[in-house]
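Below: one protein chain in two forms, given as structure tokens, structure 1 then structure 2.
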Structure 1
Amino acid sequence: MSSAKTIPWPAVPIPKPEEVYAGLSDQAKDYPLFLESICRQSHNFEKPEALSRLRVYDTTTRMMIGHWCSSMLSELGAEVIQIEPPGGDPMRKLTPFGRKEYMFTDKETGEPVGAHFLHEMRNKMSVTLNLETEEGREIFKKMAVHTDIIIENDPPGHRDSLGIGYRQLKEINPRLIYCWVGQLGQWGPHKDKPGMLDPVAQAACGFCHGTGDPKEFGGTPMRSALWMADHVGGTQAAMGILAALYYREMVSNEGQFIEATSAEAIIRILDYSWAWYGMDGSIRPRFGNWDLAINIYAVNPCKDGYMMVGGGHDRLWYRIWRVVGDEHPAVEEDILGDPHLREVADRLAMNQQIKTYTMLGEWLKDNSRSDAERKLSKQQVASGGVLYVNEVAEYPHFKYRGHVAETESPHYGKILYGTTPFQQHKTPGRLKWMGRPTGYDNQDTYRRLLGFTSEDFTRLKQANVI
């Protein structure tokens, strides 16, 4: 890790309930305090886990879609065993700019691991197995009897050619739910090829073309800075798995095959782009931070960064200019007197967008994020500053609700992380541990499931099977 000194988290103490609800009446505090009493993450370990009876083998490598899918299941209590090739998933080695000081190091073995991979290894056991060897495949078949779910992302048909695909394993375990994840799919004219990763899906599904500044502003198509397609696709995969589990338990008593792809998951969320194109062939253009259907509804520069201001309907629209008018009366007069700005549809023409955002920008440049939010909030205008991650880490709201936290890993020391989003009354998600070194659970898992002996481990390691 880097030797740079940082302020211990949290730099500012987490607010207490009496501070958060100071000044509110007992009636106003009643409902939020009730929800806190049943959803507080500090009580998660006092409650059962929704998926505690499920076992999952995540055998995906080199892409985040499978790891994200299985980490959602592991947070909800499933026993997730990450089956990696000997030496570990290559994603363990990914780190910003290739700098090892940004990696976490296991205290016992000295093995480094990248923060992205580690963040999605939560609650998972790490086992190594070489599926490219005949003995490795035989071991995998025996393990398949002891699981509910297998997730894989090998090139189309590869597992089937090895005799360990869905068609073979469902004969061994009829209740098996087998989920393949990837970018474009295993069948069709442009099925997945080796090396196809998240950016390919983002580019193929229309997302990149519609993201970024307009061409007239010098903009070009942009992909998401995060592996957004894999995260959306992985969420789709997790939902498909849970639906298949429900069907198995309530209807069929049998498993099934699931295919989830990043590109098709994004296609599903491209909102009115499809209906618009279907009407008259229009293609949704890039529009930067501006919104095609709402003015004002964008991220704008201000005195100390950037500010999101939303004027989604007439009431909010006029309240924005009332706030601006407190300091720039002439601007409010101009806006309210312009006949081309009175109706929502009229405000969407390019000239009107330029005029309103320019005028709002003139006000914002003299206001900090906190000042602008305070003034807009008085008029009940939806707004908020664009926060840096260090500000998110100290943001009172997220700290209070427990969505940023620090864990003490026996392997990697203190790790700041984003906690589970599953806030549920009776079966919430939770973090039990934050990742493990490559093959850390070989002994426990293989002894428990297959009865391996010390001699088996020695022989299989020498043969590069585990």
Structure 2
Amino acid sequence: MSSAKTIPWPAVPIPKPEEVYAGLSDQAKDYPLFLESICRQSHNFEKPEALSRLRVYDTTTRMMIGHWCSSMLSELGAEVIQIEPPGGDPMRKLTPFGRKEYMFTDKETGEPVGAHFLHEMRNKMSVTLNLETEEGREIFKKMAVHTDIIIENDPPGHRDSLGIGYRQLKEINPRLIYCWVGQLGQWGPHKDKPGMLDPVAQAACGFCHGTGDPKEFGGTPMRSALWMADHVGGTQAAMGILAALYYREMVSNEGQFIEATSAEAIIRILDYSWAWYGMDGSIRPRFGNWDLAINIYAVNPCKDGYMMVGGGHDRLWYRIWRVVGDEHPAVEEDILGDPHLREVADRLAMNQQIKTYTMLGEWLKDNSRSDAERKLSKQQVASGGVLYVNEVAEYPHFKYRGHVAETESPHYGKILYGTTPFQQHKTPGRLKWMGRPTGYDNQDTYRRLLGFTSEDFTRLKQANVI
């Protein structure tokens, strides 16, 4: 069980505005201070929420795509009710390497929850309902009247066969926006491949095959450490939902059916892979931490880790070699003297990339991440080290801007978390609370939506319906 002990965060104090903008002229300070005045999260609660009139039922379990999708909506102000089976979404039990001591525990009931699930339960309420029972489905149909959006991820056609799919619920609530999310889709030859969570999608869309080092460098196909395709797929689903909402409000007054898959979301953003194959049969190869289409644009080893340096066009190209040339004049001379490296496009050939990065490595091996960044930043070249999570948590810019923050949960104590990137002038996203124990909102929700009585609660709980 988790102890209440937390490590001190921030370990190093967050910089103050007067330190950040010290020594700048009024003119130079003007724009950043204007942005701070309209975007700082400390003003968030003085402002309205874009989606506060919406209600969402997230009825997904066992995957992240649906939870990610509903997080996008809950951060923007929608009332998201997480409908879980009695006992909770199995995702609640996940914890790295099975270590229960890493879980967060509700102070009142002692119920544990994994950090991953908790991080995605922001601003959501938890209600339990067993859709595998007849009575649970009857309750769900009554609840469907009261919502704008339903998200689900059951196996294709399952809800339809239970009489609570899109086709049935749209008859009850024609304004309903119904979104199915999954890995591969509800129709098509692979629809019945047993659905599970990411990285199924990452493997099925070409992402894994193209990520990682080439075989010659000892590499294999690689997955994202994160359930990345679910994040991207969930974002696409949220986009579809908001487009449907806009159309409903402005034009049709009717809802619609949306289908979003993690695999297709990544296929959409696998840039030129398809056109390249279509033109000449090329199969996108793995190219490690280099880029197939831009040079210089890569992460390479340096003295104390790994360093990103980027600058594809001429202006930055010469600046980068000038920085290198300060310490290795011969390298600068060699690169700038090479007739095959003069044109931007010529630098993209594979052998030229090998030459370029080998010589850049000569310089990087004697420079730490911060040394390299300092020297390149003077020339306005984009550069930065690969940061680990302890460094991310303490990075001054992120702390100052609130990319990382700590919240005090009434259930789970202090939680360090990644804040919403929805920073805006008028209707910013925000965190109101982080996670609820399973079924915490049953009483309020069922009473206000369906008029449940105390007897209803007792009976339905005994029958394992809620």
Partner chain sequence: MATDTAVSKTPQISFEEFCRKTFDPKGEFAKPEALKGIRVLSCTQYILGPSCASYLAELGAEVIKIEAPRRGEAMRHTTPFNEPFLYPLSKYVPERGTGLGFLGANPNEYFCSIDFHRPEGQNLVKKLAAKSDVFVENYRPGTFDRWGIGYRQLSAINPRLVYQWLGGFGGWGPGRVRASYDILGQSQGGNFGMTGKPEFMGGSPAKHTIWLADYWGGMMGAVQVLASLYYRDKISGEGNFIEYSQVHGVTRQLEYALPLYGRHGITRERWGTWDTQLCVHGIIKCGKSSYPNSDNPQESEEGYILISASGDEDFARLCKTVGDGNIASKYAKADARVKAEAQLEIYPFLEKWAADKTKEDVANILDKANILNQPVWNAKEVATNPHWQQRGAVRWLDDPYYGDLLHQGPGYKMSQTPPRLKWAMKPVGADNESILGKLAGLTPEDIKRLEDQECI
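For residue numbers, the reference is structure 1: its sequence is counted from 1. If you superpose the two forms and keep the largest set of C-alpha atoms that fall within 1.5 Å, you have the rigid core. Everything numeric in this text was worked out from a predicted model, so none of it was measured.
J.: Form predicted in complex with the partner chain, is that 1 or 2?
T.: Structure 2, not 1.
J.: Superposing on the rigid core, is the Cα displacement of residue 346 between structure 1 and structure 2 2 Å or more?
T.: Residue 346 C-alpha, core-superposed: shift of 2 Å or more.
J.: Could you tell me whether the Cα atom of residue 335 shifts by at least 2 Å between structure 1 and structure 2 after core superposition?
T.: It does shift by 2 Å or more.
J.: On a rigid core superposition, would residue 356 pass a 2 Å threshold for CA movement between structure 1 and structure 2?
T.: Yes, the C-alpha position differs by at least 2 Å between structure 1 and structure 2.
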